[in-house]
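For reference, the chain that follows is the form predicted alone, supplied as structure tokens.
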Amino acid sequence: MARIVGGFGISHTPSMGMEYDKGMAKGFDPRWQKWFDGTRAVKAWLEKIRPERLVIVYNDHLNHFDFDAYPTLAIGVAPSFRQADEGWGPRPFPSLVGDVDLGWHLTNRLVRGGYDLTVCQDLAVDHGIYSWFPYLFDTPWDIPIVPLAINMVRHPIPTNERLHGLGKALGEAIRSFPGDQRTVVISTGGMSHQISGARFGIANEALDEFFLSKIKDDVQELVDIPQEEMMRLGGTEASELAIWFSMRGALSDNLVERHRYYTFPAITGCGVIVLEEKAA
């Protein structure tokens, strides 16, 4: 059976990716140098834990799906996932390698467990993954992934409980996959921010820090907070924090926190927390 050796939650934002490209070419802006430095421990953990595959729960930002057809839950099942062009041309990174066998296995288990998935055999991935991936993984990117895309754009969005339950079902499905593959589960969603309306630019660093402090041992306390309250306190897009419940649900309660970091370079809170299974 496949083994989940740990997981992490991490922010994403378009500027995170653009600042990486500029920073590696000409040096980082001091605000983004803090984020680069704060992710070094995550990269080191991944190099130590040596995952053989990744399952990544993220959200698309109208770069593959659009309002004509926007699924609530979608899974990528393909040999590779190309980079979406978000309007400024492709960045100098390769496509992501897909894990077709694990993808179909998860699809069958999750659908039969009550989670109706849109299956994408062609999927372009945007900054939901590409913004932070280069900080943590050196090219060539040969570690296979299975991406799960969550609707966080068109309301009604899935509830906190639904995404936490999805994580639990995902964990069971991964563990039932034949073999002994070391698997890391990742959830990525922006922390406090709002990118539209009169409250554009709102952030709540205290809320972000509170979230990071609770997700390991008190996740149900976070799940019980109404999404409307999270959006009131942290901006409309703070609802993306619900995606992190999928990572936490996939893990056991027998965890060690290996790293936690938070900073606020601009517009969006940038945080990460790494949780390792003690059995790993």
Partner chain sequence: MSNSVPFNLDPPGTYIYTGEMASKGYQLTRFGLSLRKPANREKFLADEVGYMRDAGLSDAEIALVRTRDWTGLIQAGGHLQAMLKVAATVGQNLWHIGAHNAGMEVEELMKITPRKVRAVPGGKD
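Bear in mind that the values here come from a model prediction, so they are computed numbers and not experimental data. Positions refer to the first chain, counted from 1.
Although it is not shown, the form predicted together with the partner chain is what the next lines describe.
Heavy atoms within 4.5 Å of the partner chain in the predicted bound form are found in exactly one of 22-30, 247-255, 207-215, 39-47, that being 207-215. Checking Ala78, Ala169, Leu136, Ile195 against the partner chain in the predicted bound form, a heavy atom within 4.5 Å turns up for just one residue: Ile195. Taking Pro140, Gly89, Pro178, Gly114 one by one, only a single residue has any non-hydrogen atom within 4.5 Å of the partner chain in the predicted bound form, and it is Gly89. For the chain shown alone, Phe264 is a contact residue for the partner chain in the predicted bound form, at least one non-hydrogen atom being within 4.5 angstroms. The partner chain is not drawn, but in the predicted bound form it has a heavy atom within 4.5 Å of Arg199. Among residues of the shown chain, Asp85 is one whose heavy atoms approach the partner chain to within 4.5 Å in the predicted bound form. By the criterion of a heavy atom within 4.5 Å, Thr236 is counted among the residues contacting the partner chain in the predicted bound form. Contacts between 141-160 and the partner chain, taken as any heavy atom within 4.5 Å in the predicted bound form, involve Val153, Arg154, His155.
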